Ligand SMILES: Cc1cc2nc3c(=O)[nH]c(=O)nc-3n(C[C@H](O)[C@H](O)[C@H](O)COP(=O)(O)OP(=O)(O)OC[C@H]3O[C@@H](n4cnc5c(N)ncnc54)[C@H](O)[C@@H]3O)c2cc1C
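To begin, one chain is listed below as structure tokens, in the form predicted on its own.
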């Protein structure tokens, strides 16, 4: 590889080690990162894959652990936007996974500039690291709790709608819910499911996702995703004291996780990123 690639790899390793040292606790594994607990959970709150993220945020706001939470809410049609939630109703209105790339970091900067002290942010792995870099620069008593979402790739909204229309002959703007599970993309209309293979939607993915090697949001305080858990439950990976605090006394129904399934996808994403970077630095 060219020298600049080797320098980047060295810097990246040092940068990530500093984040781990500053914020995380537990045992480190190559494919899962640092964590102190991992389990499958279902909350009493109705939500996608167990409603875990919704339950965490509502608890944090109601107990004063948080004063605000940055979440992604579905917009008009099949679109999404980052909003600030300050109560249970606003959190619940944003429940459900949106497989679109949304800039939540700008909202984080705004809340910090407004003097907010106890902020939660729900985001994908690429933005988790950006949030940590901001957190490292803070000199005041502002606290940030990061809930990271498992993410293999995100989609461009317009391209995804075109692909879904071509393959399934449905209007994604009218979908009540979308879900990715077991390598299948599903959209629901009036309770009916329309689905196709995830790999058939490659042309709609955000190109930058091909260079990301983090599947489980390994720098978050808590990582949450559906992989490794049965339908209706979420996998929860706890990575810090802040994560433990938010989880404390939450009445989840807990089960064991299929760790091998999570590791398999984490390895696949890491290898994909390695190949993408090699091709970028050694074009034919």
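Numbering follows the first chain given and starts at 1. Computed from a prediction, not measured in an experiment: that's the story for all the values here.
One more form of this protein should be noted, the form predicted in complex with this ligand, which is absent from this view; the next part is about it.
Asker: Okay, which stretch from 220 to 228, 241 to 249, 60 to 68, 32 to 40 lines this ligand in the predicted bound form, with non-hydrogen atoms inside 4.5 Å?
Answerer: Contact-bearing stretch, as computed: 220 to 228.
Asker: Using a 4.5 Å heavy atom cut-off, are 97, 149 and 154 all in contact with this ligand in the predicted bound form?
Answerer: The answer is yes: all three residues contact the partner (heavy atom, 4.5 Å cut-off).
Asker: With the partner left out of view, is residue 124 within 4.5 angstroms of this ligand in the predicted bound form by any non-hydrogen atom?
Answerer: Residue 124: contacts this ligand in the predicted bound form.
Asker: Taking this ligand as it sits in the predicted bound form, is residue 51 in contact with it (heavy atom to heavy atom, 4.5 Å or less)?
Answerer: Close contact exists here: in the predicted bound form, residue 51 approaches this ligand to within 4.5 Å, heavy atoms only.
Asker: Would you check, heavy atoms only and a 4.5 Å threshold, whether residue 144 touches this ligand in the predicted bound form?
Answerer: Residue 144 lies outside the contact set for this ligand.
Asker: Mark residue 105 yes when one of its heavy atoms lies within 4.5 Å of a heavy atom of this ligand in the predicted bound form, and no otherwise.
Answerer: Judged by the heavy-atom cut-off of 4.5 Å, residue 105 is well away from this ligand in the predicted bound form.
Asker: Need the contact residues for 172 to 202: heavy atom within 4.5 Å of this ligand in the predicted bound form, sequence order, or none if there are none.
Answerer: Stretch hits: zero.
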